[in-house]
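Read the single chain below, which is given as structure tokens and is the form predicted alone.
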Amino acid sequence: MRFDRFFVMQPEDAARYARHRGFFAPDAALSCREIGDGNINYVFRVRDEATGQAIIIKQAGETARISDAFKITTDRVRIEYEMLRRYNELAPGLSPKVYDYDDVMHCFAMEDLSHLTIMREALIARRRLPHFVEHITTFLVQTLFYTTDIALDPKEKKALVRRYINPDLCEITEDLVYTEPFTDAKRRNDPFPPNRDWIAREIYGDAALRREVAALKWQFMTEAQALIHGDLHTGSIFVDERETKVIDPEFAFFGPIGYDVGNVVANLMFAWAHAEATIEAEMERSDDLHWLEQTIAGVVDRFQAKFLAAWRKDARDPLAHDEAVARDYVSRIVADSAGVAGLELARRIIGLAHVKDITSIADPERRARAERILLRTAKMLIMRRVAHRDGADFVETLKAARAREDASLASTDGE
């Protein structure tokens, strides 16, 4: 087993591979298990049982794990490896260290983060993350602003656009996020049965909504604004009360900045909906919701403040040396973020890839209500995205959607 020809590894293969590549001593007693819970790749944790030292090996197969129908280039793992290296340069300490890339086996090795927790799980467990807002907004600004035409030499940026072209994974996003949830794609959509009729009427049947989604889709496909992560949800972030580490940038390409910001916001809204539906004690529920609302608003507001500070400090284009230009640019990012947050809310409820925040709500009536609150939020964020100018606007939209849903339920009960 020389690993000179590609094949999808099993755990025992990954252990031999780690030894073969020199990550462990030849006589080390290694254990390995596959820990990937995503939809696309294979992730192995290889551990030396004597020393406790461990590494992660991530491998790309030629089809997605979620479905053999998704045939995607293995070059995505090269993109992910290079992106993590770039993150370590632009935003040190906010992503795992990477050690090695293998273009034969289509895999790379990186730092083991098993001392941390996937953020989605941490939020479901009601853990407070006091540094998350500062960490994630620093990550967003450092990785996004400094890959725009505002900060980069134009020729350098165009060379990077070419290097990070990512058509296979962009196609997945274009289908699963921008198209199928709004067009009754029965082949792959998977709505919760109690909400199917509501979704058919309020989402599939809304032509004005589809027009706005189309505008957002064309923007995603044509606007090479910055080198975005492309899949920045709470399942792609490791956390504890002190640390934040962003992982999984295989969907990276040059696209609209709002795609990354909006995904973070939407996934915090999923956590809000889970807490709202599952915490029985009123005071505890109110306290958790307040913290999540502050976090949602904080992401939007601190991102804006830090982006403008970076602009004032490092904008290189002569036309950028105008505060009004900077503020207009950032306000458009915030509007885009609102639209994308709406898309992410809708696709995780209607489409193929759901989130545990919602699927773990055991009571079917509470789950159905939580989904409708988020889908009403999604429509308001998409249709009125330019009205969202700061963090408070996002929170108010979420609360307004809840009020509308509860009024609708009350009206139905009274009939």
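The numbering used is simple: start at 1 and walk along the sequence shown. Keep in mind that this is a model prediction, so the values were computed, not measured.
Keep in mind that the form predicted in complex with another copy of the chain is not shown, yet the notes after this line are about it.
Checking 101 to 109, 274 to 282, 170 to 178, 234 to 242 against another copy of the chain in the model of the complex, the stretch whose residues place heavy atoms within 4.5 Å of it is 170 to 178. A residue is said to contact a partner when one of its heavy atoms sits within 4.5 Å of a partner heavy atom; N263 fails this definition for another copy of the chain in the model of the complex, lying far away. Although the partner is absent here, H115 is not a contact residue: none of its heavy atoms lies within 4.5 angstroms of another copy of the chain in the model of the complex. In the model of the complex, no heavy atom of R201 sits within 4.5 Å of another copy of the chain. Proximity of S286 to another copy of the chain in the model of the complex: non-hydrogen atoms within 4.5 Å are absent; the residue sits far from the partner.
Each of D149, I165 and V213 is positioned with at least one heavy atom within 4.5 Å of another copy of the chain in the model of the complex. Interface residue among A91, I124, L308, M221, judged by heavy atoms within 4.5 Å of another copy of the chain in the model of the complex: M221. The gap between the Cα atoms of R366 and K186 is larger in the model of the complex, by no less than 3 Å, than in this form. A shift of at least 3 angstroms brings the Cα atoms of D175 and K186 nearer to each other in the model of the complex than in the displayed structure.
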